[in-house]
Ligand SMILES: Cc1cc2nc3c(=O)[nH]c(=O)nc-3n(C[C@H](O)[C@H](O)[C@H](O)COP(=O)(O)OP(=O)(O)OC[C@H]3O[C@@H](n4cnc5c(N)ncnc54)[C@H](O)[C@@H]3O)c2cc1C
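First comes one chain, alone, set out as structure tokens in the form predicted on its own.
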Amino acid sequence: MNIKSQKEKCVVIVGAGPAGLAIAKALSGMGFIINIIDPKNKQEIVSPSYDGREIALTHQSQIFMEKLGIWQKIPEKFISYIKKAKVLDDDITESILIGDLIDKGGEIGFLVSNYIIRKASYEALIDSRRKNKDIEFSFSDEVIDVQNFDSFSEVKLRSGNTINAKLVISSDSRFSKIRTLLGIPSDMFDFGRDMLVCSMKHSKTHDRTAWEWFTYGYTLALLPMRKKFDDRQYESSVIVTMTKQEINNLLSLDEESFNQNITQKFKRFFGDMVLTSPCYSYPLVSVYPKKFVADRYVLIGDAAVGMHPVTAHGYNFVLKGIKTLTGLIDEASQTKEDIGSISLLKKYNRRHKAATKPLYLFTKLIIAIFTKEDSSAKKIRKIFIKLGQLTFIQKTFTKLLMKE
């Protein structure tokens, strides 16, 4: 698959996750040959498995996904609606309520399983492939080297194939091998915690509210999924954040003991809680590169900004970055400019940093305030909660969640 003769039109996308598939969909039809490289086999991309992760989406993300043709591929039964978000301190006496000031019947966002988004993104991309005939896949393969030249980049694959491209787009996770290969340093912060995720049904309503509960020693979150089961019980995505050893201890419990443990951790706030899915655990590590671009190379998705999930903005930043980058590429393409020029990529770098860094830093601040257990940190937590109860602060948070 050596396509040197077409390098003037070629774009390489490293990673066929939700970010890689979405940017390929956004670029399809612009006159490029789009090569998507991923180490997974085709079946894993076509029919991704449930992985426990639920993705919170803003209204702007939903609108952009609809423009890309992805939203239409998500069956209604897999979309949950979030009308409020609530942040609680350990004793439950103080909380911040977000979204309660919007119109009755409205919602601040949506919740869709990660594997459903992946599947919908692939199906939408295949529609474009049939129409535009500009998408090529290299499954079960990976990039082992990238060499930059004046007018193109040479991408070498483990299979022995070489692709010459005007632009290489990396969406290969927050631990991006290509980012490291090209020498882009990153601010990587290990929170020293793992996140356990699963689905559970419970007897008391979630009220279509996303709950974030900062207790001392661990953090709990509950995201509303379906309205209710036929047996009049509710279902939510449950997230527990603790040390790796504590997570492993939880995972070693039998199902009945696990249910009892989680029910007690939530202080029976949602009644009896019962597992409805397998459990998965993930390390909590945030990543923010010093820059998002290099010669003929650009970072998107988690490779660009790997967020802590507490502010639930990870995939929203993915889509925001894709919208910014593809807009610049489209403009350059229309005027016959080089889509891999450093001047174009620097524009993306500036805009995406401006869009993401404030919330990235704010998220780290929240985690620092709400996970420390010394007396001064506890006092700051109380002050933060009090400030969050002010009407104008709640309106600001609500606007951020709904529109960013």
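Just so it is clear, the model here is predicted, and its values are computed rather than measured. Each residue number is its position in the shown sequence, starting from 1.
Heads up, the form predicted together with the ligand isn't pictured, but that's what we're talking about next.
Peer 1: Scan Ile33, Ile55, Ala26, Ile339 and let me know which has any heavy atom within 4.5 Å of the ligand in the model of the complex.
Peer 2: Going through each option in turn, the one that passes is Ile55.
Peer 1: Would you kindly say which of Ser173, Ser333, Asn148, Thr162 lies with a heavy atom within 4.5 Å of the ligand in the model of the complex?
Peer 2: After the contact test, the surviving option is Ser173.
Peer 1: Is it true that Glu154, Pro289 and Asp295 each have at least one non-hydrogen atom within 4.5 Å of the ligand in the model of the complex?
Peer 2: The answer is no; none of Glu154, Pro289 and Asp295 reaches the ligand.
Peer 1: Is Val318 close enough to the ligand in the model of the complex to count, meaning some heavy atom within 4.5 Å?
Peer 2: Residue-level check for Val318: yes, a contact with the ligand.
Peer 1: Applying a 4.5 Å heavy atom distance criterion, does Phe269 contact the ligand in the model of the complex?
Peer 2: Phe269: no contact with the ligand in the model of the complex.
Peer 1: Just to confirm, Ser203 within 4.5 Å of the ligand in the model of the complex by heavy atoms?
Peer 2: Looking in the model of the complex, residue contacts with the ligand do not include Ser203, since no heavy atom lies within 4.5 Å.
Peer 1: Residue-level question: is Gly109 within 4.5 Å of the ligand in the model of the complex, judged on heavy atoms?
Peer 2: Residue-level check for Gly109: no, no contact with the ligand.
Peer 1: Based on heavy atom distances of 4.5 Å or less, which listed stretch (261-269, 214-222, 128-136, 191-199) is in contact with the ligand in the model of the complex?
Peer 2: Comparing against the ligand in the model of the complex, the contact stretch is 191-199.
Peer 1: Can you name the residues of 36-50 that have a non-hydrogen atom within 4.5 angstroms of the ligand in the model of the complex?
Peer 2: The stretch touches the partner through Ile37, Asp38, Pro39, Lys40.
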